[in-house]
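A lone chain, given as structure tokens: the form predicted on its own.
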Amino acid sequence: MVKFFKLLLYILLGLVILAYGLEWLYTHSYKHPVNPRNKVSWLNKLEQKKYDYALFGSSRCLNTVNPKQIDKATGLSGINMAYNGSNSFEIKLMVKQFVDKFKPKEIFVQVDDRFDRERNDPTSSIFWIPFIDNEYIYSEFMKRDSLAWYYRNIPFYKYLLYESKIGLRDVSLSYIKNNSFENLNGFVPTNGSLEGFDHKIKQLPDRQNIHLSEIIDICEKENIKLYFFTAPYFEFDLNTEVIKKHLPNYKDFSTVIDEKQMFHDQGHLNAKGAKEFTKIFIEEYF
């Protein structure tokens, strides 16, 4: 019986050591990636430099504004930090961490039919979990995720729980496979043209978004110029006057492009459309 308990103790001790070892390895891979698998990890890899401007938002910014095209036309230095699925919560986290590290002169935030969403997006907020030891990130997760304490204090728990998103596959690929966004300063073009579609309508409620308000506060505190904008849609009616009412320095570009062949789908421009919209963006802001 004594031998059995000793063996059990050794097994448990071995599992604990293994959990701490894997926790360190996975977290190190996200904080010091060879080939970042997502924008959050990329932010940690980016070298310290001075950016004139930065772009934030969901895929409707990621696939829409090309900073390399802007920089070539203006001589400025910019970056697109938008990524798929971001709600205002994830955008706020990205703005805060980017501002703390780089202090850009100007920030542009794309807002749209997700303006009323204050909840975190489960598929995009996951990428922040490897960085839960950051006090600001941890405090924000504690407000809306009941598992936040466990992410931070139980070794390897978060990686087991979200194996399909931040597990072995992504950790492995971060060492061997290039990503799609580094070469174009964070911009990712899409191919193909819109075919079938239905005219869409969405009415936003008339209220402020708490996370966007906090972004305004962050930029005011750091004396950074902040602009909000809505990227083009195709056949999509959105009451953007609500957004304009609640956000400063807002510009509605939702209808500036109406050629069907410029769109990948109703909410995303293709590469040709993104090139055209970036020209419009340059004329408006630079």
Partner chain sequence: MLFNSLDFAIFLPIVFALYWLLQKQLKLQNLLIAIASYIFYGMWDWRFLFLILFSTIVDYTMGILIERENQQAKRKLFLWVSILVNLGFLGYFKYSNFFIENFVGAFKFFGQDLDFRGLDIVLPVGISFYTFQTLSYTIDVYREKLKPTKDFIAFTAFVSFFPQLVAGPIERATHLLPQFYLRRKFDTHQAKDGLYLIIWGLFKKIVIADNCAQYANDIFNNYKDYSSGTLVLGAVYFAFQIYGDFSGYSDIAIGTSRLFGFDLMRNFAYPYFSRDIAEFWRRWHISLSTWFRDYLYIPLGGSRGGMWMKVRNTFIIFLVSGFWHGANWTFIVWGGLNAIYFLPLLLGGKNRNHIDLIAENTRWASAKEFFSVLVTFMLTVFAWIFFRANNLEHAFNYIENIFSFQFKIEKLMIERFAFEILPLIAVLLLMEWFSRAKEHPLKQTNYLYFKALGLIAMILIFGSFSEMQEFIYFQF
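Residue numbers count along the first chain shown, from 1. Note that the coordinates shown come from a computational prediction; the quantities given were computed from them, not determined experimentally.
The following text describes the form predicted in complex with the partner chain, which does not appear among the structures shown.
*Asks:* Which of these stretches, 106-114, 82-90, 181-189, 167-175, has heavy atoms within 4.5 Å of the partner chain in the predicted complex?
*Replies:* Looking at the other structure, the answer is 167-175.
*Asks:* All three of 14, 22 and 163 touching the partner chain in the predicted complex at 4.5 Å, heavy atom to heavy atom?
*Replies:* Contact check passed for all of 14, 22 and 163.
*Asks:* Even though the partner isn't displayed, in the predicted complex is residue 26 close enough to the partner chain, meaning a heavy atom within 4.5 Å?
*Replies:* Yes, residue 26 lies within 4.5 Å of the partner chain in the predicted complex.
*Asks:* Flag residue 18 as yes or no: does it have a non-hydrogen atom within 4.5 angstroms of any non-hydrogen atom of the partner chain in the predicted complex?
*Replies:* Result yes; residue 18 sits at the interface with the partner chain in the predicted complex.
*Asks:* Just to confirm, residue 131 within 4.5 Å of the partner chain in the predicted complex by heavy atoms?
*Replies:* Flag for residue 131 set to no.
*Asks:* Taking the partner chain as it sits in the predicted complex, is residue 156 in contact with it (heavy atom to heavy atom, 4.5 Å or less)?
*Replies:* It does: once the partner chain is placed as it appears in the predicted complex, residue 156 has a heavy atom within 4.5 Å of it.
*Asks:* Mind listing which residues of 2-16 have a heavy atom within 4.5 Å of the partner chain in the predicted complex?
*Replies:* Going through 2-16 in order - heavy atoms within 4.5 Å of the partner chain in the predicted complex - the hits are 3, 4, 5, 7, 8, 10, 11, 14, 15.
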